[in-house]
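Just the one chain here, laid out as structure tokens, in the form predicted on its own.
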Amino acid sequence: MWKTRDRNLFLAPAVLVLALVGVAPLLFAVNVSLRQFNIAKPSLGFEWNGFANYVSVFQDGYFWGALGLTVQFLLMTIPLQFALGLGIALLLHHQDWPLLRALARVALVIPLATTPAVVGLIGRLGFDSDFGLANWVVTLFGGAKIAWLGDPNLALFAVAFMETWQWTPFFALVMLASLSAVPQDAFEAATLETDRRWLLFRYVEWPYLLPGLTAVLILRTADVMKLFDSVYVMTRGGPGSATELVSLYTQRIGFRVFDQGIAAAMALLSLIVTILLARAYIRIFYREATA
């Protein structure tokens, strides 16, 4: 009895902080999403309107376009970050280059330590049509300058490039840590059976990668679903709505149209999509890891 009470007392501060910073804002958002609340029209009050905001969101074609664009952006960036990160991790893990491995780990941390707003500023300068690094490379090979951020067909790729530059190291570091957990004796025993690198990776190393990969996929999906800073600084969601992800559209509704009720409903629907994707990752990858 005393042990249970002591354990609860030690856990109480953490639970209280979690409730204050996590549960309370979520409950407030749910409350706002069920009310008519426009801060530019205080005369309308804070009246209860049930699921009217959700109905408006479901009928809003621009919201679904922004959500579809976010999913497209997710498919453009996450698989590429995983492939590049896994390649870097395998290269550093299997090559006996201790100095290069140490330098690479330091270099991989630099993009992660860069704030999203600064990443957006670097991308805005790097893809500038007049003096950006991207056009310098293009003209170096004899090509004509390209309006990367002014072309609706290219702007999203420019944003995806910067997102991949920043977060590929995250995949690489987690995959490298997971590879370090592979028992050396098991790997050496497997090499006695076959020298085919693919089989060694699939049946010896891959199971140890799955728990870390599941966690990284969940975290990165949540990051992309709420990505705002770097995209806003880099393109402001333009040209037109070519890079207006769901987070930018929600911000526009909440802080330009000032309809907080509808914006809260959009944010909660985005959260539901994120949770569904996280559950899918767990069912696909974590189940395989525990099988």
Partner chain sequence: MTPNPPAAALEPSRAYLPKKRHAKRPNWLIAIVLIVVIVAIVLPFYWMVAASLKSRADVLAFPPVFFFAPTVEHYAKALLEAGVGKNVLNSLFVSVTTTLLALMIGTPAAYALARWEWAGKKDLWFWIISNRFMSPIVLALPFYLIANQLGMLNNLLTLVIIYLTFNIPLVVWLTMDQFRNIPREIDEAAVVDGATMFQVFTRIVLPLATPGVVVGAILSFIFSWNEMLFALILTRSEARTAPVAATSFMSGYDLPWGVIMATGTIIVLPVIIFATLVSRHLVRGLTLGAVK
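Positions refer to the first chain, counted from 1. In this text, the rigid core denotes the largest set of C-alpha atoms whose superposition between the two forms falls within 1.5 Å. None of the values given here were measured: they were computed from a predicted structure.
Keep in mind that the form predicted together with the partner chain is not shown, yet the notes after this line are about it.
- Per the 4.5 Å heavy atom criterion, the partner chain in the predicted complex is contacted by stretch 31-39, the sole one of 31-39, 49-57, 237-245, 66-74.
- Residue L92 is the only one of L92, L86, A160, I78 with a heavy atom lying within 4.5 Å of the partner chain in the predicted complex.
- In the predicted complex, the partner chain sits within 4.5 Å of a heavy atom belonging to L26.
- For the chain shown alone, F201 is not a contact residue for the partner chain in the predicted complex, no non-hydrogen atom being within 4.5 angstroms.
- Contact annotation: A147 falls outside 4.5 Å of the partner chain in the predicted complex, judged by heavy atom distances.
- Contact check for V233: a non-hydrogen atom falls within 4.5 Å of the partner chain in the predicted complex.
- Within 4.5 angstroms of the partner chain in the predicted complex, the stretch 203-240 places a non-hydrogen atom from each of G212, A215, I218, L219, A222, D223, K226, F228, D229, Y232, V233, R236, taken in sequence order.
- Superposed on the core, the two forms differ at F46: its CA moves 2 Å or more between this form and the one not shown.
- Core-aligned CA deviation for R35 between this form and the one not shown: 2 Å or greater.
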